[in-house]
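Okay, here we've got a single chain as structure tokens, the form predicted alone, with questions on binding and movement later.
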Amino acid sequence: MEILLKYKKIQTDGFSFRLAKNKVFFCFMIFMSMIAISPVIFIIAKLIIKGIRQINLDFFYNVAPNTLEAMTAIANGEIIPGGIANGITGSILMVLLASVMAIPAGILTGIYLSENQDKLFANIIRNISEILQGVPSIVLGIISYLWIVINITKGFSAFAGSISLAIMMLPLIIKSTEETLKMIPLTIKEAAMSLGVPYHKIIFKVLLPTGMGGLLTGILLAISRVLGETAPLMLTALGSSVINFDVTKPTSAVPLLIWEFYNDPNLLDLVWSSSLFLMGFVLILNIIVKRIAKKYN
């Protein structure tokens, strides 16, 4: 009887020790997670505190102010007049053009790589895509400048800027498309083939709708990346002080305006508000696309 009681006591003590160890490890994971996300929390808090003061209707409808207007407003203790309407319209224009060029090409290339995984040409394209993904954005801007600005458009333009953004989007869309299609069970494709469905309809009517959630996520990542790029646009779109919808002329963008504001001490307050807008825009875009992807899933 005593042996049995001792055995039960040892078993209980061991269970309590494991339970305590589990709680300690759980608290440690929570602590490390808080450390990991704390920079993001501090950045968001800083942007909100510094940038919310400049957010108003004029911020979305008016173009960027000049130095004299900013100095006058600061001297009178007022918020800086004007906004970033020229940057918002320019960013939307160039990202739309880049998406029109990059999304179809990226999805079709990803389909080819997924369907021809072991072929030599597919491996070459895959390697080029992976190398392109690691190329710094400033290098892509220089290439776009030499290729588009000098030889094709003969000047800075929204079209040249959209091409540089499209080049940056391609590797992400290609990779996400290929990996998404790889995760689709082979039985789905075999079922469609057994019914005599043509090959192109299997791709566009079966595989792509099945993997739509992953495809949208990859497209969103590509768009989110190029929305904040500055270096390629400095060498291709250049910037503009007015709202411009002509793709053959220089156009501004929100990242370009942030860079211009940063270089003018009188416009520093607009750096925070522009950055806050850009972060909020990407967040809203993420929420919308995730809801669409959830519907397909």
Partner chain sequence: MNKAIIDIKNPVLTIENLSVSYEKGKYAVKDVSAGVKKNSITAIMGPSGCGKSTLLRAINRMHELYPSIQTLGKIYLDNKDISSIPSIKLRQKIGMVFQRPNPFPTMSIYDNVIAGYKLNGTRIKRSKKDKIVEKSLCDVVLWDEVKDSLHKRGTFLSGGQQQRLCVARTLAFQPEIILMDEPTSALDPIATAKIEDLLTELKKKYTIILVTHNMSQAARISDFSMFMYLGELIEYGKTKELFTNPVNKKTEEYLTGKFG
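Numbering follows the first chain given and starts at 1. Predicted, not measured: the structure shown is a model, and the values here were computed from it.
Only in words, not in the display: the form predicted in complex with its partner chain, which the text now covers.
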{"query": "Contact flag, V206 vs its partner chain in the model of the complex, heavy atom cut 4.5 Å", "finding": "yes"}
{"query": "Close approach of A192 to its partner chain in the model of the complex, 4.5 Å, heavy atom", "finding": "yes"}
{"query": "T210: touches its partner chain in the model of the complex, heavy atom cutoff 4.5 angstroms", "finding": "yes"}
{"query": "Partner proximity in the model of the complex: P136 to its partner chain, non-hydrogen atom cutoff 4.5 Å", "finding": "no"}
{"query": "Region of this chain that lies against its partner chain in the model of the complex, out of 181-189, 215-223, 155-163, 84-92 [heavy atom, 4.5 Å]", "finding": "181-189"}
{"query": "The single option of L146, L132, V197, M71 touching its partner chain in the model of the complex, heavy atom within 4.5 Å", "finding": "V197"}
{"query": "Stretch 231-258 - residues with a heavy atom within 4.5 Å of its partner chain in the model of the complex", "finding": "none"}
